[in-house]
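Starting off, we have a lone chain in the form predicted alone, written out as structure tokens.
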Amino acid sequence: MVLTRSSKKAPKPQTPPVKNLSKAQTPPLSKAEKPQTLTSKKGAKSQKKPPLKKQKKDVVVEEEEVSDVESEEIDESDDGEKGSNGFFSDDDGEELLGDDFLEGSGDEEEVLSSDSDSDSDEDDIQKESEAIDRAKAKEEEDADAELLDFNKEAGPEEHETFRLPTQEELEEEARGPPDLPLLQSRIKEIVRALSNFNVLRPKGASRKECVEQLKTDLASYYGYNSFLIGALFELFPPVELMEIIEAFEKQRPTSIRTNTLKTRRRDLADVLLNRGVNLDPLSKWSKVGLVVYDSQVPIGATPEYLAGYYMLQGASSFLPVMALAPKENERIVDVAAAPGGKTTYVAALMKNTGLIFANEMKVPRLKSLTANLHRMGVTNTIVCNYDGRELPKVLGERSVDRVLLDAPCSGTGVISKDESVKTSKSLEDIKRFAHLQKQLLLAAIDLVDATSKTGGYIVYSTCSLMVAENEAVIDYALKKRNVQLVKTGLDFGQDGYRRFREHRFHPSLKQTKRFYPHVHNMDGFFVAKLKKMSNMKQASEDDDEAVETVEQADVSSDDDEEAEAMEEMEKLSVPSKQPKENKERLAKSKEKKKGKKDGKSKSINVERKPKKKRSDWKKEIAQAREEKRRAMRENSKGKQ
């Protein structure tokens, strides 16, 4: 039986090479010849496997060759049946088992081949994953090595030689003009040392000395005053401080906002591209913004600009309006509206429905506000000229649905636009702005109706980086009014501070957002969104009196003679209370001894009478301001 099978199947290995004439014929023949000399099972396996595999590979052949292959498969099936019958017999079990194993049906071998293919795929995936892991490990090693090289770029010997300048050397530098290359190299060395002070510490220098020298060098190299450099140093570590200072030295990209009342962003972009303006969509978070890289025509004097198709507006100015999220048919107040970028954006989102009160305190800025409103086609806005702190009295408390307060601030986030901020701001300015912002925010909260079906929100924003003008103001409002912080709806930006140095703020301040020029490529900005929970005030009468006395001090900035006179009278009365209270205590102790209680009670009653007349001086101040406004209007009309 064995001889007949081998004779039948001897030509079988020769058929696959006939199919693949283009391929090399020698390897299959050599493989077929070698197993004939072997008598073991392994030799038999090597004899049969190559033809089976080649039959699978060479499926598409000519018709004549297919017929030959079918005849051979019939022979194999006949042999397989014989082998299967012999498998259950007891004669020559081992040989018949080997023959039957080799001559099994094609389906079994297809399953085996598919299993081998799946195993090979799994092996390939495993190898690829191992290669990815090795690549990641190598990247981490390279990053660590690069960081080490950055810290020791000049070599350990040169770092050891670096030292802070002595007092004599500083005096010599102060006598002449600033040596900018020397300052720049020293700034880099100190920043590198502070990034890893334990390793790169200069000889004989403490961390405090390095920090003070860095502040001095930064102030002289970039033109800052000592206060602002110190304030920025409290906000950022040395490496990030250098990044934001360098970002302030560069202009932010020019951005424009599409006026959806008149056009669409795609149509506007096509028109401006035809005029030679190189632009792109601003970002994924804005559906109306475009960033302008360069332009062959003045971007603020195109026919589209004059027709009100777009507004020149910084990217950071989009954020407060997006956080406000105005709805149609609402009553909204913009406390500080000029020049009108945010107001027109609100009107576009409302589709010219509802009512907007655009307030601006400074009369010269009203012209730009009204001009932009007309140019952009806004028809649902009323322009008014009031102090933002008086709006609850003018419009009425609980009279609107939403309020946008882009408060006046120190401008420490827009130094790239106004470099005078580097030297003009001081601690007193920050305190003055913070106090004004607290008053404006309380007034804005009083304007909102907590029972509004769609609103009840207040958005507070500044272009300042100072914590005293941002988180501290919001924390003050949380204590004085029944409001809560809610999410701004902005998906990017850094969370506000919950703690800063010795200050501890409300935990919900993490829902506020901060934006930095070196991180987000826009002006420094702060945005917070408040929800008014009830119309009840949490502030006590003493706190209100304190706020009112400060309001008197702020009224003096309007050059109103009568207001100044009233303010001086009140100032004189406030410090006189302390000695009077001391005298009253002494009088009480004496009267207890001498029994003179009647005189004491009369003096107390006399002193308490002025407190009941606070409304009088408020009315007088309001009247004085109205008279002044009328006089200014009459003078302007007379000049015209």
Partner chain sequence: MRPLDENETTVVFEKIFKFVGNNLKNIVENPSHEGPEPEAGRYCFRLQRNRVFYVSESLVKRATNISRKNLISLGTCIGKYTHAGSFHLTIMSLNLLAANAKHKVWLKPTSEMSFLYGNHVLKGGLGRITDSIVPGDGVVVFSMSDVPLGFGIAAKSTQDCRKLDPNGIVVLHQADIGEYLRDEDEL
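Only a predicted model underlies this, so the values are computations on that prediction, with no experimental measurement involved. Positions refer to the first chain, counted from 1.
Not pictured, yet referred to below: the form predicted in complex with its partner chain.
Undergrad: Which of 386-394, 524-532, 464-472, 176-184 has heavy atoms within 4.5 Å of its partner chain in the predicted bound form?
TA: Among the candidates, contact is made by 386-394.
Undergrad: Although its partner chain is absent from this view, report whether Ala301 comes within 4.5 Å of it in the predicted bound form, heavy atoms only.
TA: Output for Ala301 is yes: heavy atoms within 4.5 Å of its partner chain.
Undergrad: Classify Val378 as contacting or not contacting its partner chain in the predicted bound form by the rule of any non-hydrogen atom within 4.5 angstroms, answering yes or no.
TA: The answer is yes: Val378 has a heavy atom within 4.5 Å of its partner chain.
Undergrad: Verify the contact flag for Arg252: yes if a non-hydrogen atom of it lies within 4.5 Å of a non-hydrogen atom of its partner chain in the predicted bound form, no if not.
TA: It does not: once its partner chain is placed as it appears in the predicted bound form, Arg252 has no heavy atom within 4.5 Å of it.
Undergrad: Evaluate Pro202 for contact with its partner chain in the predicted bound form, applying a 4.5 angstroms cut-off between non-hydrogen atoms, and reply yes or no.
TA: No - in the predicted bound form, heavy atoms of Pro202 and its partner chain never come within 4.5 Å of each other.
Undergrad: Between His435, Lys262, Arg265, Lys327, only one gets a heavy atom within 4.5 angstroms of its partner chain in the predicted bound form; which residue is that?
TA: Going through each option in turn, the one that passes is Lys262.
Undergrad: Can you work out which of Ala137, Leu170, Ile382, Val211 has a heavy atom no more than 4.5 Å from its partner chain in the predicted bound form?
TA: The residue in contact is Ile382.
Undergrad: Going through 340-374 from first to last, which residues have a non-hydrogen atom within 4.5 Å of its partner chain in the predicted bound form?
TA: Residues within 4.5 Å: Asn352, Thr353, Gly354, Leu355, Phe357, Leu366, Lys367, Thr370, Ala371, His374.
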